[in-house]
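Next up, structure tokens for two forms of one chain, structure 1 and then structure 2.
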Structure 1
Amino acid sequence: MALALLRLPDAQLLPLRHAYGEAVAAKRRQMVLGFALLIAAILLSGWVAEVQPALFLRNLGGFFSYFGRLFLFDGGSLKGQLVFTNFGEWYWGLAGWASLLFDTILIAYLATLIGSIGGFFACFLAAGNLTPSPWIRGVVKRMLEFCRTVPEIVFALIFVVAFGLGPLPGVLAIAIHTLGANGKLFTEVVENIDMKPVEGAIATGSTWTESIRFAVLPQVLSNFASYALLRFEVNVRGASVMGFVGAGGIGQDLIEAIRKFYYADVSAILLMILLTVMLIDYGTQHLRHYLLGRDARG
């Protein structure tokens, strides 16, 4: 059976076409205006920051040549040769670097553990669906914001002055930043739980702590563990630069090699850090997927 499509008279179509054209034109004007404002903001920020494009382009070759020098020996009889041609000479300090890299991993692990525990206890007080008091929530959230807003390197500088050189300032600096970051992530997980088990626990006479223990934790523990593992991977990279300010780890030897222009040493240390982060990323990724998959199956 043939279907006939009704067509409005031209007298009725004309206003509709005109309105559609006006709407499309308005959208285009908004897009052009937004693009113009973006360009203006970029130019203004560049002017305030005294960006010099000509200087950037003139010295761009030095940026790439520096990375080229990282793979050449810079002294001795092997000067100018590729580092891959003599692995023993390239990694002459492997034992010491490996020890410092292990210290870096321990700094990241301990800082992640301390920060995640702190974020675990703080998130329940910051969650709007569990803590009715706006004052408590506000204080805890502001504290978490402060912890994650101040850069880790700033905390490390403060703690180096307070406690001296060594891994302790690095642990404390990364732990505080982890507290703020994981506290925020944990809070968002808690605020998105199913509240029916919590309401049921409260209805049976459970206290606030008991309702969290038996109604909230079973829903969030897998996500908490996943975020903690992800943060550990991030903290390994962060701990690698804590040595720049004397806060322990392999960063101490890395910054020394950079300052003394020991290009081969810089590339050797960077490669070790890169491979370590890749292995940790691979392991934590599979563990996170396992935990989240088990939570979904449960």
Structure 2
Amino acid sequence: MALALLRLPDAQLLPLRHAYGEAVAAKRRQMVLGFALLIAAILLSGWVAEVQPALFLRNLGGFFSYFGRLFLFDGGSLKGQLVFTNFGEWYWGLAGWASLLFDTILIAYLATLIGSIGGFFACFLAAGNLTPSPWIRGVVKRMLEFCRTVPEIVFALIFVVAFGLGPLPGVLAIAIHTLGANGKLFTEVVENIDMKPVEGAIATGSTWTESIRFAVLPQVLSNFASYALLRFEVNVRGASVMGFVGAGGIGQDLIEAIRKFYYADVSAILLMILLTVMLIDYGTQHLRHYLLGRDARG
């Protein structure tokens, strides 16, 4: 099949070709520059973080054998046997761990509840479409930013000194972090609402709070609930390490088992945490889909 392709005369074609070549070369130069910067950054941070590939390779086997050892009994008459062979011995502390794990979930729950309620009240003040005063908005936004930028473990460390050991500092630390994170997410939801119902409510003479109750809340509540559930899931994970600094929950037992190389205990506790997190993941995911799906249908 002979195809006669139309071809521009060379006089017209040359500048176009030239421009194309230029564009490609410019892009290539940019790529090379970007890569050079990336590699420089990698080398610099590798030097600062004391990365030792040789050590890593030498100990990589240690990493995998660590996981192997996690599933062997480390002492007593059963030393060296697989943990699955004697479930009772593996989970010798089941009652205590289950109780601590329940504490962990309650810490996460209470903190999520407190933080979400706080975020609920903060978000209307931080939303640009509902609070016209830039001063109030700015102050609330900065406060939320502070709450979510300082890691919860740092709050926990400080609160442990102030409130004493136990779950109380854990609850407060996670609640503050949740307030910051959910306050921001809630604010974004509120800023994306349809403003027509609000105008309608104002037209009937409703006050600021009334228009929020009847025009804003119905639009945002299911999203709020969904974000709160998502946070709960994140917080269960966070609460499981609060015990590392003495702020309650199962973390205390876990860090002890890891530090003292009680391998079977480590695997037992980790497995319990993993199962709990997965179950909660699964449950909240279904609830969230239900909530958001109902929203879409309604």
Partner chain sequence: MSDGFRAQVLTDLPGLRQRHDHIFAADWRARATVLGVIALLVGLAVLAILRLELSLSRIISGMGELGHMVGMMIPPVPSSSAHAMVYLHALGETVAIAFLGTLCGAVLAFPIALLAARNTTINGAVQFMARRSSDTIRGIDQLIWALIWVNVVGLGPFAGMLAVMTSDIGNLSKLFSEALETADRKPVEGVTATGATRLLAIRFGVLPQVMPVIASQALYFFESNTRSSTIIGIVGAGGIGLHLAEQIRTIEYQAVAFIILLILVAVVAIDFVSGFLRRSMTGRASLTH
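Predicted model only: the values in this text are computed from it and were never measured. Quick note, the numbers are simply positions in structure 1, starting from 1. Between two forms, the rigid core is the largest collection of C-alphas that superpose within 1.5 Å.
Between the two isolated copies of the chain, the form predicted on its own corresponds to structure 1.
Core-superposed comparison between the two structures: the C-alpha position of Val234 differs by less than 2 Å. Taking the rigid core as fixed, one finds a CA shift for Gln30 smaller than 2 Å between the two structures. With the core held fixed, Val51 shows a CA shift of 2 Å or greater between the two structures. Taking the core as reference, the Cα of Phe64 moves 2.4 angstrom between the two structures.
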